[in-house]
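One chain follows as structure tokens, the form predicted alone.
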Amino acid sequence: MDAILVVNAGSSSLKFQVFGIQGANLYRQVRGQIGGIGTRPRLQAKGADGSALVDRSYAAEAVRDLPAAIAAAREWLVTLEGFELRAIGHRVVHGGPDFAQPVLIDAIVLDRLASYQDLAPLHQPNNLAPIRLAMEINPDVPQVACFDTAFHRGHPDHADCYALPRAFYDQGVRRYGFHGLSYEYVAEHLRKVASEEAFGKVIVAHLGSGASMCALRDGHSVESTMGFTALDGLPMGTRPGQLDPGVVLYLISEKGMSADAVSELLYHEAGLKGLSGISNDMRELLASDDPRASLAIEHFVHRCRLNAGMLAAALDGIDAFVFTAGVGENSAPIRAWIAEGLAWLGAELDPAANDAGAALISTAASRVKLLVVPTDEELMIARHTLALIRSSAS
């Protein structure tokens, strides 16, 4: 069977999926990951029927970094039989000003993407590492980069610019938005499960370790909470979200922190982790009776409500609000607290449906439909990859 490999590489995990190709359709055949890189490495994968294909632990020194994880995953993947690899699709967080749609990767494209590493230091270097390795090992297999920023391209200049001299915008200093692959999937899925709302005014909340919100009109992005980098907008696991730029100036000029030290603080020590002093994991915070955990949760919910109001203003109203990603899909308490703050927009939560994890969690009387949609970024990457390799071959 012809197949597409989808790779999503992070700092502590490497996720991969294999999709079989049958005509115009894609069928998920393998879903796996190596987690705990450098601490408790573990390779796990399941087949199309959910059965375990591999569950293998490694010594920390054996898979101490992402390149070692890529090598371990490849060593197992080549043992799979019945698949003919036709392309590899990659999630790449930042496409900068140059890339507004998926692109076939060559050395020139790779160098350009590497120039955006300072704009997404948590993600971009890791996204590019498996691309480089695959170019060395399988140079004849096409690789496709799919960007988290691409879905938000097309906003008018007045929405994406900062109030800085125009020269900075022309040099790429502008609002990009992220989590675009997730929002693109949700927008498509809504056409199947809420067709009327899908072509209306929708706010999607991608709430996970990384978090953002997006305003959709007719299935297209019109505004996002994230901007130039993935630091902006909502508070996240280890990132602060919206921050007065004066804070950064103060830390440098008055506290004597270097740019590298400020970057470390904002990307790794802030957010829920920094505010609570306990954890960046919402599950641990919800289970804690420490008042610092409560403060972090209350701050997160408060900022989500505020940003919902901003996006509702951008849309001139709202027909539906969608929760997605790890926290959005799995945390009934967070959904309930955010929904309480949407009552002024006409949203009314059905507590029983919410607690049960239903797809529709609003009451019949609610003027705003509240939905839970599990995201599928990997499927979007596979679709883009298949479309691009077929168009390039024709």
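For every residue, the number given is its place in the sequence shown, counted from 1. Quick caveat, the model's predicted, so the values are computed rather than measured.
Not on display, but discussed next: the form predicted together with ligand ADP.
A heavy atom within 4.5 Å of ligand ADP in the predicted complex is found for one listed residue only; from 354, 366, 331, 29, this is 331.
Just one of 265, 286, 133, 248 comes within 4.5 Å of ligand ADP in the predicted complex, counting any heavy atom, and that one is 286.
Residue heavy atoms within 4.5 Å of ligand ADP in the predicted complex occur in exactly one stretch of 136-144, 168-176, 117-125, 318-326, and that stretch is 318-326. In the predicted complex, at least one heavy atom of residue 280 sits within 4.5 Å of a heavy atom of ligand ADP. Ligand ADP is not drawn, but in the predicted complex it has a heavy atom within 4.5 Å of residue 209.
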